[in-house]
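Here you get one chain, nothing else, as structure tokens; it is the form predicted on its own.
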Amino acid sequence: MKFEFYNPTHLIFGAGTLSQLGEIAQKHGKKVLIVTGGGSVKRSGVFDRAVASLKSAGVAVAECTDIEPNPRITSVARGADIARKEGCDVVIAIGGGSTMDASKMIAAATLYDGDPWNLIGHGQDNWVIPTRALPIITVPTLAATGSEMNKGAVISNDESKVKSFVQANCLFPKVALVDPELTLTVPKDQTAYGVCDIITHVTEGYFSGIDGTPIQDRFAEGVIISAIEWGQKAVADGSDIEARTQVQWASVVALNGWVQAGTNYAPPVHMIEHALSAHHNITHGAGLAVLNPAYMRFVAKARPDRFAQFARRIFGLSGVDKDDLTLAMAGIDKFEDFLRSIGCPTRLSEFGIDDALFSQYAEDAVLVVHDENGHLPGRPPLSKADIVTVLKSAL
């Protein structure tokens, strides 16, 4: 096991920390671009509280609103134009993963003269990995993607129906201001989809990573067990601040690089879901809820011992009188039962999606991330035909 770990983001975590936003921002610039989504941060009063904190610290404010749930490259370009015209020197994301991802790319696109789609990998020869970006501050209002404390961003192109990503050190937020109080108004369905996203970040490394990582295994299992326990409570009672806090912390650690360190992490489920939601604009976490169990059932046949371990350690299932594959499948069934219990979809038919474009989804899933054989990395790697098989099993 050989690896490097680097995460320079300054994390400030805890209920009530939003009040520190102005003090934090004024250390990085004089005028901020606040990036928001569909308006919930204004209806909840979070936006006004953030602006009040900024103005009290002498920081000027400009706005970029209406970032889509699957953020579009056109919104990135729009945000960069605003930042340039307004003379902004800091970008603050207040919202969920889509808002944070868009903000990262706005911060990079503001300092880039070309088409911002060049900064996103989509199979092109001239992929320009960004090396510069305005300082970024993330203020998540949803526990899900973990984008608040990592260097990745996922962006969609509505014209080409491609949803893809970039990772670059300049996209690490300078500060992640994580206040669980901001998630108290998140609806049940979005809370549930966020919990699924958190768990999927962890299970992908757990099932697709290399052998010989027992410490990372226990980190991963702890996050999954906690996300299940506290996620159920957060869905049942959105005002439960303890549940919201634990789920928010799970979101941070699930994808800030620590759980995956040394595992040779691969994200096959995310790549398939990106292809799906690029065409259908479904909520990311909801798509993962359908695809992750289907993927798990397909690959469990290649690593039944690993999935049997998941069944024992996560759900406490006994392996007495069961072979590893039988136990593995029982554990996956329990996981799918959990997803249903919190209100997640578990079949593509629930979105009205049929098999008409399965071959296209498979092509898109390996557009950027693939091995020398054109397969989606994982254990085992998935051919395009394998991806279609996974999708069919999710109908």
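In this text, residue numbers run from 1 along the sequence as written. Just so it is clear, the model here is predicted, and its values are computed rather than measured.
The form predicted together with 5,6-dihydroxy-NADP exists for this protein as well; it is not shown, and the discussion that follows is about that form.
- Within this chain, G152 lines the site of 5,6-dihydroxy-NADP in the predicted complex, having a heavy atom no more than 4.5 Å away.
- Residue contact check for T185: one or more of its heavy atoms lie within 4.5 Å of 5,6-dihydroxy-NADP in the predicted complex.
- At least one heavy atom of H274 is located within 4.5 Å of 5,6-dihydroxy-NADP in the predicted complex.
- At the 4.5 Å threshold, heavy atoms of P345 stay clear of 5,6-dihydroxy-NADP in the predicted complex, well away from it.
- Stretch-level contact check against 5,6-dihydroxy-NADP in the predicted complex with heavy atoms at 4.5 Å: of 224-232, 142-150, 128-136, 290-298, the positive one is 142-150.
- Heavy atoms of no residue among G205, R313 and G378 are located within 4.5 Å of 5,6-dihydroxy-NADP in the predicted complex.
- Exactly one listed residue, out of A365, I67, V59, A50, brings a non-hydrogen atom to within 4.5 Å of 5,6-dihydroxy-NADP in the predicted complex: I67.
- Although 5,6-dihydroxy-NADP is not shown here, in the predicted complex the stretch 26-51 places heavy atoms of G37, G38, G39, S40, R43 within 4.5 Å of it, in sequence order.
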